[in-house]
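Just the one chain here, laid out as structure tokens, in the form predicted on its own.
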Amino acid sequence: MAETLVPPAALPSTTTSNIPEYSVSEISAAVKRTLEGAFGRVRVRGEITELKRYSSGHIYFSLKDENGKLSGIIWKSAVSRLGLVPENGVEVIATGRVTAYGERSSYQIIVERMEYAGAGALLAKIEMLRARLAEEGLFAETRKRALPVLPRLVGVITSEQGAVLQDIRTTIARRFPRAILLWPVPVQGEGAAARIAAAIAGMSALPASGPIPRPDVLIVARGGGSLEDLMAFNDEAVVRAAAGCSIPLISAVGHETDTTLIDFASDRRAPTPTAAAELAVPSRIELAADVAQKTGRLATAVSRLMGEGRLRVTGAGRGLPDMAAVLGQARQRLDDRAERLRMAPRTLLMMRRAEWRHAAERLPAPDAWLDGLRRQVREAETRLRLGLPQLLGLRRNAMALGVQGLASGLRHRIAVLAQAEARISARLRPAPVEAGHREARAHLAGLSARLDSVSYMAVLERGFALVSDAAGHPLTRAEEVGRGAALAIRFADGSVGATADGGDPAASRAARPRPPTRQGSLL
């Protein structure tokens, strides 16, 4: 017979069970107490995912690995003490306590502290930040500035406890004592990055003429430590503050093998804080030695130049004359010229008087000069009168020679000469007669030369002869001479008689060449 199922409401109230009965709240509370009692404070390693920041300040996220996921919460009060800034994709080790959330039947970890899970995670995070800042140009070499040669004030950002500050002070005092302005900051732990970034920005913002002097160079230093200890100097805020600092900045974080992101953003990187102090100030001993060496070289160069200059001046001096002798000769010439200048007017006057006296003595007496001039004119007139009849007989020959009207011209010249003689006699004075004498004498000589040039005697002197008949008439054509006619041939030194032969005048005319229409000039 089959069993019939009775609904729970139909069962009698007296039915009992050994299983205890719990409410939901009791189960949730029991699970929560079990989790918190069994685990307490734990360290959980995983990758951060699903990170959310709420306006209340709380952070919600999840930690996951290959096989599971665990929810996590960071309360607002624990964010500042966390030790790092949580980001998605970063593997961390979260320290906290496991608890349950009954309303959702879930469990979670409340994180109180968080750290990177090993060096690999830290290096990956640092490399990601470095690549991003490099793309922005914060590490470009063109941003680097030169350090001052000798700063007046050295700014130092480091912890006021520890050996770093003492090393910097000792090195600066040993090399070249300079004033130091310290801005103390924590160099690791919570809030260290923000304090370091604020110190760099504060040093950069100091006014040049303010109550607190502005450093000429800035050193950010820290001693050695693990990668986690140096993470404050890999913070983005610190790197950006270093890149934007207006003061030349030297980074000296860790030991020589340690490298942080601030090293890329600073103007110079020093392997140690001591090396940073050596970069900040020069060595006074080395500077003094360098100055002494340059001073010696400069003195040697100046001495050499002076020696070469002396040699050149000496050589040039040998080629110069004795200035004392030159000045003496110049003075002597000056005295001589002054004396001659003083005597020159008197000497010139005496010379001019002597010349005038000598010229006056050479001048002929006016009356005698006029008598001689009149005599020459009369002689010329006599010669002209005697030669005029013969010139008239040679009229046709003279016309052929181009001297027609010469006699009238000569008469006119003689009249002009007479007038000139009258004018000269009227203007003649005892003193200035030499010029008039020369002019009249030259004019008379010119007329005599012209008169001689047209005289038939001058023609005869050149080899011509004058043929005339027995009556003395000149014959100019052969047809005028008959056979057996008596002729008179006159030469320059005398006359001879001749008789014409029996030649035929007509034949003679036909045989001889036809004369030109105009006879050439005998002159």
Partner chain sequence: MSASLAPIPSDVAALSFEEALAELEKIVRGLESGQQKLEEAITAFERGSALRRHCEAKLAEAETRIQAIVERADGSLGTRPLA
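Residue numbers count along the first chain shown, from 1. Quick caveat: nothing in here was measured; it's all calculated off a predicted structure.
Beyond what is shown, the protein has a form predicted in complex with the partner chain; the following relates to that form.
Trainee: State yes or no: in the predicted complex, is some non-hydrogen atom of Leu133 no more than 4.5 angstroms from a non-hydrogen atom of the partner chain?
Mentor: Taking the distances in the predicted complex, the answer for Leu133 is no, it never comes within 4.5 Å of the partner chain.
Trainee: Should Glu236 be classed as touching the partner chain in the predicted complex when contacts are defined as heavy atoms within 4.5 Å?
Mentor: Taking the distances in the predicted complex, the answer for Glu236 is no, it never comes within 4.5 Å of the partner chain.
Trainee: Is Arg362 a contact residue for the partner chain in the predicted complex, using a 4.5 Å heavy atom cut-off?
Mentor: No.
Trainee: Could you tell me if Arg240 has a non-hydrogen atom within 4.5 Å of the partner chain in the predicted complex?
Mentor: So Arg240 does not count as contacting the partner chain.
Trainee: Sort through 287-295, 105-113, 76-84, 365-373 and report the only stretch with a non-hydrogen atom within 4.5 Å of the partner chain in the predicted complex.
Mentor: Going through the listed ranges, the match is 287-295.
Trainee: Between Val377, Ile93, Leu182, Ala445, only one gets a heavy atom within 4.5 angstroms of the partner chain in the predicted complex; which residue is that?
Mentor: Selected residue: Leu182.
Trainee: Out of Ala208, Ala354, Leu305, Leu386, which one falls within 4.5 Å of the partner chain in the predicted complex, going by heavy atoms?
Mentor: Residue within 4.5 Å of the partner: Leu305.
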